[in-house]
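Below you'll find only one chain, the form predicted on its own, shown as structure tokens.
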Amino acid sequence: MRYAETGYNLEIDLSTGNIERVETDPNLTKLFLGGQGVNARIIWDRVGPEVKPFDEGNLLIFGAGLLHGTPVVGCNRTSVNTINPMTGIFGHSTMGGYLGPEIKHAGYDRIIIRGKAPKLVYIWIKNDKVEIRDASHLKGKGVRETTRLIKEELNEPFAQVACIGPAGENKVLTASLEHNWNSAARGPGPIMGDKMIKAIAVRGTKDIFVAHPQELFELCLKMKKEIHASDGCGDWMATDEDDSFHHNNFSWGNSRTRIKNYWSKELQERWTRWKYDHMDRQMGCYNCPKGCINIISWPGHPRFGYKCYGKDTYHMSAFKELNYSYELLGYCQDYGLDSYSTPQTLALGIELYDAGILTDKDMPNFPTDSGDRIKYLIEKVVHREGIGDILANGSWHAARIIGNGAEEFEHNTVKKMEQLPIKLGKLNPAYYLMIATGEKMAITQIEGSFPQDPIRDVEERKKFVEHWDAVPSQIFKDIFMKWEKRDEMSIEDTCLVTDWNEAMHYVDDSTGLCGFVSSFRGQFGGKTAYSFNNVPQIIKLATGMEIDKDDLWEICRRNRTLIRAINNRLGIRRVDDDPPKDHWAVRNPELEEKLLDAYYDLRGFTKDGIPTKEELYKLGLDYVADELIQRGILDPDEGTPSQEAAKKEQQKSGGC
């Protein structure tokens, strides 16, 4: 018997209509766990570099986390992976809600979709019954109406529905997949549209078996109470009305204008009143005691839900206040637009118009008010009309299509995708590495275990370290104790901090844990529910697999390396590991090159950022090495990690 997983994938070929329930290889679970880890292995095996994002051969995979459907608390994020048409590389996308656990209860560990349907369809899964159904009547409909109509049509009020809006149907590259006020951005939206899938609806009623049920239940019941009571878990932004950090530090408009001291007591009182006067409730995701999602009914506009700083991006792009975002969010969620990339692209369009690069010929009847301009461009982008057909490709591509100097205004992307709209002073070494080398296109999916800033007071620092339970080894306590200034950390320590931050996210991406109870929260006070210190035991209780801290760390390293290799095969090299030039006002090119060299050494990469043959063989990825060599991407004799880096890696691993 397989524990914690079903042992089956659901394979759907939209071109032929073929549907298969396919038994999976348990060895893949040992090597990659589940979620994004196994998804990456499938994409490596079946989506070669000759397959373009909008080809029939590109896959769209909905991967349940290894621990989905078990009693493990806060385990609900679904990995949705494909080749992202905006970046042309592996699309990292996860979303909260209920979909992943429901897929598990229906009897599958993941849904693998290939091909294209001849007309708009939706996929209905109820345990062993799987149908590809006509969705012609849903064409052009928004997310809320689509979800409602599908549930009514199926007479299944408890079905979990993930769908796209008109933006996804029109293959807008900043489109998102929406589900229960959660969204999967960075690729799945336009791929759904290209494959002509309006929605996936799932209802599962099967049991998930675990290896040690009594011990796991007792542990999870205890953890549920602790997580509920903890101020170190959950999205604090759902309840903390002081949002001065984002508004004083993030850049407004086209990620260019910082408004220092914008926040005020009067503004906070006004925005708090707007929120609570119109908030229906706060809700959480599957098996989580935290209510991180605010549900708002703004008069005269569609109801919407948000978490994190998703409420800020539209009004900051338009230099407006919260009520402006409240007017827009319901429409944008219904259209299925990513609130992270889309506002930046819209603001770029405004800036290009003000600079005379775009004119009234490109944007006839363009309003004068900044808020009206954003609304004007949203309609153009969603329907790919006029200039919207160009902006729908995201900032990087749009600037290059427009030309005439527009490229100089596109300044906040890495690997062709918009980044956090923040501009800083001095270089932060760890953040340089995470942003430069990140394969996930968002720093929030990489940072999180190690604090962003040192604690100046030594006694306070000692107190923090004494209670730092999530730390995987003494070495990180030592690094933190000697850290005095944000921009001053040794290259060796910087690489180790980056490694830990990355690794913990790879734990979440493969198990399905939410970062708000795990990888993202440790940086704020050191308290978090899950860490390398307890996840191995939880995996053991759920699956029966014998796994310790070192094993888990190696799996994360394998998953991270495999995704890098996928992207290497698609063309990514050292030159692409380059943050936005103006992300920090003061750059240090010599240090940055040394950081990259040291990071590549620690990771077992060549000087060009490609995993070495030695590293790939060590991780059991020999088939990856062989193909990279065969394709002429990797020189088998090049780039063996230095002895010094290998020694440091050994020391770190031993400390764990």
Partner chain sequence: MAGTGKKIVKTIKVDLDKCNGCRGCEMACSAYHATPKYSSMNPSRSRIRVVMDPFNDEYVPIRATDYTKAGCDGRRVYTIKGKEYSECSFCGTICPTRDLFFDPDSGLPLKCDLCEDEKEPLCVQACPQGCLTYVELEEEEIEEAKLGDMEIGLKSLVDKYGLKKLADTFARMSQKG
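Numbering follows the first chain given and starts at 1. This is a predicted model, so every value here is computed, not measured.
The same protein has a further form, the form predicted in complex with its partner chain, not shown here; the description that follows concerns it.
Remark: of stretches 368 to 376, 567 to 575, 251 to 259, 157 to 165, the one touching its partner chain in the predicted complex is 157 to 165 (heavy atom within 4.5 Å).
Contact annotation: Gly63 falls outside 4.5 Å of its partner chain in the predicted complex, judged by heavy atom distances.
Contact annotation for Thr205: at least one heavy atom lies within 4.5 Å of its partner chain in the predicted complex. Contact between Glu447 and its partner chain in the predicted complex is not found at the 4.5 Å heavy atom cutoff.
Residue contact with its partner chain in the predicted complex: Gly405 places no heavy atom within 4.5 Å of it. Of the residues given (Glu102, Asp499, Asp235, Glu418), Glu102 alone sits with a heavy atom within 4.5 Å of its partner chain in the predicted complex. Exactly one listed residue, out of Tyr306, Trp396, Tyr314, Tyr98, brings a non-hydrogen atom to within 4.5 Å of its partner chain in the predicted complex: Tyr98. In the predicted complex, Arg281, Gln282, Met283, Gly284, Cys285, Tyr286, Asn287, Cys288, Pro289, Lys290, Ile295 are the residues of 281 to 301 with at least one heavy atom within 4.5 Å of its partner chain, listed from first to last.
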